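Below, in structure tokens: the form predicted alone, a single chain.
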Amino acid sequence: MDNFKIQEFDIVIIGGGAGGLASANRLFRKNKKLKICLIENEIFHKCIPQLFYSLFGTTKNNKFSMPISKLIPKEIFWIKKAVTKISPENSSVLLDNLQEIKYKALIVAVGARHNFDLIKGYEKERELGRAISIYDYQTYPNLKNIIENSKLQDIIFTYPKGVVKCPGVTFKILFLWKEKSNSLFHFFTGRQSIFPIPYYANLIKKQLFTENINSKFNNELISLQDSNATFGLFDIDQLVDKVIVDYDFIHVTPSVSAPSLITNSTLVDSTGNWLDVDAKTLQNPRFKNVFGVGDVCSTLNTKTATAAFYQSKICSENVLCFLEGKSLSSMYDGFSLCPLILQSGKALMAQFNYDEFPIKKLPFIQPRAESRLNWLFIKYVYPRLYWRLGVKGRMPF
């Protein structure tokens, strides 16, 4: 709700995504006396994984979005505005109506920005119906029709060398689309390794070979024009050569970074790309009353909803410790879960942490092998877990 009479809160949370909602709900349950404020100008929260799974009938649950008002208790003040500036020196944020909100502790959960603007010509090719992205949510409704288009000959999938959101999504759509199509599929990536965890990277590479998908590594997408994609060959950051490839259709995976709200603030890390937080405590090293959750953070975990849910637990406990003047007690180990679908009817629930090895954090899920059980878990269980446990800050870990 909007309440501009109260301009100072114990905790302010910026962002109504997975991490922000989970943090708000956790903190409220822990201490109902705290004045908690959620700032989010969107009315609905969208479950982005559900949008993807619906393309291939992988899920039976069509609940893609819910009103935020139904996901948080009414006692949490919800300000339906956008934040235009964070002033950590003054412990305040400025809203787009020029109102100033003060806080004792701040949780930044604003997600990540998709850098489509780094790919010259993407917008024009998209408008001409030759380029699209599962990450470009405005064009999502067109994707299902394109997948069913049997006239496409050459289809290119790209994957950047930079950080991506949910690194398994590109491969899910690539392999499931390949099963439905007689088109020639090509995969170009600016990386040498296509997944941050070597064990899973090897499985993906094997499937690319099995499906006879033409794969090129160290080829970074630079620009698109008239059904031609220009890729750069880099030696570290130095461009050494270019190659131009024709296509009928191209699916682009963009790199991500923190929104300008963070990159233009004093909260940004040394790379200029992320909210600076300690990798374990999720606390900003310069402004001790500022914490981060989810994709916006400088932590080196993969950026998934499950990671945000898990971080919300760590962050919430440490925020409470900070407000009580105690040492921060909860440590994040980099845990993330990424469902990988390499073929229909089976799924691999990749689990890992900062050590970059498969781990078994959730006892009922095998992290190393594909199985029909995992497929059924994604189809029937995951949607319910997301809404009933995930955004409510009740995930079983």
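Treat the numbers as computed from the prediction; the structure is a model and nothing was measured. The numbering used is simple: start at 1 and walk along the sequence shown.
If you look for the form predicted in complex with a small molecule, you will not find it shown, but the lines that follow are about it.
For the options 314, 204, 224, 166, the residue carrying a heavy atom within 4.5 angstroms of the small molecule in the model of the complex is 166. Only one of 282, 308, 107, 258 lies close to the small molecule in the model of the complex, with a heavy atom inside 4.5 Å, and it is 308. Contact with the small molecule in the model of the complex, defined as a heavy atom within 4.5 Å, is made by none of 278, 300 and 334. With the small molecule left out of view, the stretch that reaches within 4.5 Å of it through heavy atoms in the model of the complex is, among 211-219, 178-186, 107-115, 321-329, 107-115. For the chain shown alone, residue 17 is a contact residue for the small molecule in the model of the complex, at least one non-hydrogen atom being within 4.5 angstroms. Contact between residue 126 and the small molecule in the model of the complex is not found at the 4.5 Å heavy atom cutoff. Not displayed here, the small molecule is approached by residue 48 to within 4.5 Å at the level of heavy atoms in the model of the complex. Looking at residue 41, you'd find a heavy atom of it within 4.5 angstroms of the small molecule in the model of the complex.
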